[in-house]
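Next up: a single chain in structure tokens, the form predicted on its own.
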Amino acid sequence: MLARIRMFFAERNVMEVETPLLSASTVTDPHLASLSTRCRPPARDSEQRVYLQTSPEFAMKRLLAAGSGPIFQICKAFRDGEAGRWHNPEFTLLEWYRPGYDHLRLMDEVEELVGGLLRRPTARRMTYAEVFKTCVGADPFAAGERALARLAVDLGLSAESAAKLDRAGCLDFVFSAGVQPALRELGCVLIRDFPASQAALARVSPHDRRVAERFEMLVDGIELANGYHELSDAGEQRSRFLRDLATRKRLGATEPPLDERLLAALEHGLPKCAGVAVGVDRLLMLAAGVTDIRQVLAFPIDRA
């Protein structure tokens, strides 16, 4: 599978790159927990905290800003607290970036790669609003916060927990507990136009400020790919990072330093581009027809 992925990109003149697994900064996303350690870099008298990367995204964007052109990477990524049938704290990620593409054009390439590897028919394409209405009978943009909280409780969340969630948190829970399981019956699905509150590193649509230019691919109800029409505004990215840190503080999570090198690269100029990350272990699971990530890992975390 790795050989076929590399051949796919070689045929399209997309360059393979490597970026550090250890970095002085990491993501601020409130929903991700980074693993960290300490090292003593050259010419320093004291130890420095460094982070195992949750994805190669920040470093790859620095390469794009430096003029790399289209690039891809297959690497290990690390996320603390993620273990189960579909998760391992150490996992393999495929990530690629296409200057000149928007998220819609990149969706076509994702479908071409994944469809070829899994021998799947054409993916069904739906908006976030359409899958919500189809799967749980609610409009994610029109429904009020209380209605979404009630829906979350109906899907198994305790009333006490629902009361602590904001609108974005309710949407996240309903999507994972209600929408995602229902999508198992639809096979391969590409979902676009996520709420702007879930933009992460994606642009907000200039045509509808309620939605972000972000997409996901789900296969048999399993999230396989997450892609963006990438945000290139350094000021907006800094504001999002600071909002993330405020949320992390409220939740009692660690507050990592901002990636000033990424922000400087955005300030220098990130080309208009789209990027996507694909879980290689999950891709292999789907290809092999197995239901536990440990079946495709030689050494899962409990045997590492």
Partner chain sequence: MASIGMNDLRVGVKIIIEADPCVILESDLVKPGKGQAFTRIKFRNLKTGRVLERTFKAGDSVEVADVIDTDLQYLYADGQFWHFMDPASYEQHSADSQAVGEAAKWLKEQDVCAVTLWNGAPITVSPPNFVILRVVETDPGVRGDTASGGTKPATLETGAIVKVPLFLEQGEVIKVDTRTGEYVSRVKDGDQ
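Positions refer to the first chain, counted from 1. Here the structure is a predicted model, which is why all the values come from computation and not from measurement.
The form predicted together with its partner chain exists for this protein as well; it is not shown, and the discussion that follows is about that form.
**Message:** Using a 4.5 angstroms cut-off on non-hydrogen atoms, would residue 122 count as touching its partner chain in the predicted complex?
**Reply:** No, residue 122 is distant from the partner.
**Message:** With a cut-off of 4.5 Å between heavy atoms, is residue 150 one of the residues that contacts its partner chain in the predicted complex?
**Reply:** Contact check for residue 150: no, nothing within 4.5 Å of its partner chain in the predicted complex.
**Message:** My question is simply whether residue 85 lines the interface with its partner chain in the predicted complex - judged by any non-hydrogen atom within 4.5 Å.
**Reply:** Heavy-atom contact with its partner chain at 4.5 Å: present for residue 85.
**Message:** Would you classify residue 31 as touching its partner chain in the predicted complex, given a 4.5 Å non-hydrogen atom cut-off?
**Reply:** Residue 31 belongs to the contact set for its partner chain.
**Request:** Could you tell me which one of 207, 146, 76, 164 places a heavy atom within 4.5 Å of its partner chain in the predicted complex?
**Result:** Answer to the contact question: 164.
**Message:** Looking at 132, 72, 228, 101 here, can you tell me which has any non-hydrogen atom within 4.5 angstroms of its partner chain in the predicted complex?
**Reply:** So the residue touching its partner chain in the predicted complex, by this definition, is 228.
**Listed range touching its partner chain, judged in the predicted complex by heavy atoms within 4.5 Å, from 135-143, 156-164, 108-116, 185-193** = It is 156-164 that comes within 4.5 Å of the partner.
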